[in-house]
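Encoded as structure tokens, the following chain is the form predicted alone, with no partner shown.
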């Protein structure tokens, strides 16, 4: 039981700290892509490519930690098995259903934005793809983040 509590707490802490980093890097990537798109800048491999790739890698890493946490946490898959969907409070539903589903969707959109940008040659189209898809992904992540747990 102690091993379970330790692994759960470790995964929860890692997921929470990664979330801070991911949100900050996504803000940077979306801001950079938006400015590049609106100002018709060249897409630079040393800056723009790396920033977008770093955001992609971090979101995937956070997803993997989150999926592991979902299956070892008493607030994840277990609570749905125990109480069913109808027996969940809004806070439990956020953690067990909404947060994982919406964040998986966000990571999928960010991945689509990354894949689409590689197909384009012009910097403006590359920036546009990243700005739109990463931006929607960021908004989804922010919309279903359990803010009450972060600031309590």
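Numbering follows the first chain given and starts at 1. Just so it is clear, the model here is predicted, and its values are computed rather than measured.
FYI, the form predicted together with a small molecule isn't displayed, but the following is about it.
- Comparing 44-52, 61-69, 30-38, 114-122 against the small molecule in the predicted bound form, the single stretch with non-hydrogen atoms within 4.5 angstroms of it is 61-69.
- Using a 4.5 Å cutoff between non-hydrogen atoms, residue 25 does not count as a contact of the small molecule in the predicted bound form.
- Contact annotation for residue 99: at least one heavy atom lies within 4.5 Å of the small molecule in the predicted bound form.
- In the predicted bound form, the small molecule sits within 4.5 Å of a heavy atom of residue 104.
- In the predicted bound form, the small molecule sits beyond 4.5 Å of every heavy atom of residue 7.
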